[in-house]
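Presented as structure tokens, the chain that follows is alone, the form predicted alone.
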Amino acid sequence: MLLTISTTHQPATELGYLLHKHPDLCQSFTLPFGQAHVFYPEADTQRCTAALLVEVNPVKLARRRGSTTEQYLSDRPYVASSFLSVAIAQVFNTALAGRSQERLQLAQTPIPLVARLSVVPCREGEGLLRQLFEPLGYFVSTTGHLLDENFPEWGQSDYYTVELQHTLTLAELLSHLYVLIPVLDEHKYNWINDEEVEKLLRHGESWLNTHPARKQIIKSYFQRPTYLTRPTLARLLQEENFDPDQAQEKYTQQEAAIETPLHFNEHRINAVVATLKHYGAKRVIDLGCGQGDLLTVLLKDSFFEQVTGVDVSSYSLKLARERLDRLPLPRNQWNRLQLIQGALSYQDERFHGYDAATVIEVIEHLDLPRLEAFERVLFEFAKPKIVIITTPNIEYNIKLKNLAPGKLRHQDHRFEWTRAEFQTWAERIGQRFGYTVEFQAIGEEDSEVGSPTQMAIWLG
């Protein structure tokens, strides 16, 4: 994917001072998903153009997620997407912040700029491109591309080369690109985690609230809602009737409508409780406890001596507390329960000292970079004797009548794994952190596609 930025401000080579990249050099930068290169195709006093070329390594990406043909064969290495936003933030960090040690006054001065993106995906057509950029003052020109030049009868593709012209500060241009490019990304933040979304939205706070398409822009981020970004989304929308927690609840209800008739959750909870008892785990911490489905069952069973629920969402913990408070338990039994707010991707001393940790239908909600951090938090630092993780089996989805083909069970799922992918991941975890691992199918098992839920049990 390629972004070029040109100016006719004179002397034009001062663009190098603003970008903190010398026009006479070709520089390369390592990114988590590939390489970025900055070079200048033209650089003289009349006109200067800086190019940011991002090379995405598709094999590396596929291996991080588990190898499937679909992950290798995609447009991810070639089109402007969330990867480009991350590259802008890392490679042009100082320019994005509007700082320039040698040319501070110029960094704060509007200059003629032309940005060219080759190419962007836009399934909704060039109209969306204009809706995003024209209200910000850009003159937008687009060039569509045929699906195949050898077969023009196939028609136009969803890909465009876009040129944006405006007189503004370089920081403003980068900010607009940084925030708006992911809106066009139909894969929805393949590499943007919660922290990156926070940065994206923070850069848009000065202009998003007055943008005519702000609802569409913000809600496009909300298609992948996460607990950490929902407060920011709500703040930017500034609508009294918009409740991000209610939106998340809506998605959960949609998932329940798919699973409840088949009793998936009941089967999961029963399997987890039976496993905990089988291995004699009396002190249990439930990571990502949500509204307390597992906690309710554990607390009603006197076998368990300590029951702790952890969730990043204060709203979910509030609902869990209200639900648990309704249990008819003797007064002396309540000291077995603890609810704590915490993020699963950060070390937390409160996670230590338990016989077992359960993670029920949680990992599929984590971005892949955070999944790796979660692995270390749980298996390296908390290090319980037993770890139980359940996750959907994507192969089984074809048997779910209420689920559209190709859709995941919940709108917040970042992935759903096949049995082979889950087992490969679980075995790697065991080898890395010194656990043995075994697997259990949960629910009715089909001879071809397996069971609806898959469970791994790590023993330390």
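Computed from a prediction, not measured in an experiment: that's the story for all the values here. All residue numbers refer to positions in the sequence shown, first residue = 1.
One more form of this protein, predicted in complex with S-adenosyl-L-homocysteine (SAH), exists but is not displayed; see below.
*Asks:* Just one of H211, H267, R336, H365 has a heavy atom within 4.5 angstroms of S-adenosyl-L-homocysteine (SAH) in the predicted complex, so which one?
*Replies:* None of the other options qualify; the answer is H365.
*Asks:* Using heavy atoms only and a 4.5 Å cut-off, determine which of V86, L132, L344, L174 is in contact with S-adenosyl-L-homocysteine (SAH) in the predicted complex.
*Replies:* Only one listed residue qualifies here, and that residue is L344.
*Asks:* So which stretch, 100-108, 150-158, 357-365, 327-335, is the one near S-adenosyl-L-homocysteine (SAH) in the predicted complex (non-hydrogen atoms, 4.5 Å)?
*Replies:* It is 357-365 that comes within 4.5 Å of the partner.
*Asks:* State yes or no: in the predicted complex, is some non-hydrogen atom of S313 no more than 4.5 angstroms from a non-hydrogen atom of S-adenosyl-L-homocysteine (SAH)?
*Replies:* It does: once S-adenosyl-L-homocysteine (SAH) is placed as it appears in the predicted complex, S313 has a heavy atom within 4.5 Å of it.
*Asks:* May I ask you to check whether G288 falls inside a 4.5 Å heavy atom distance of S-adenosyl-L-homocysteine (SAH) in the predicted complex?
*Replies:* Output for G288 is yes: heavy atoms within 4.5 Å of S-adenosyl-L-homocysteine (SAH).
*Asks:* Looking at the partner-bound form in the predicted complex, is D293 within 4.5 Å of S-adenosyl-L-homocysteine (SAH) by any heavy atom?
*Replies:* The answer is yes: D293 has a heavy atom within 4.5 Å of S-adenosyl-L-homocysteine (SAH).
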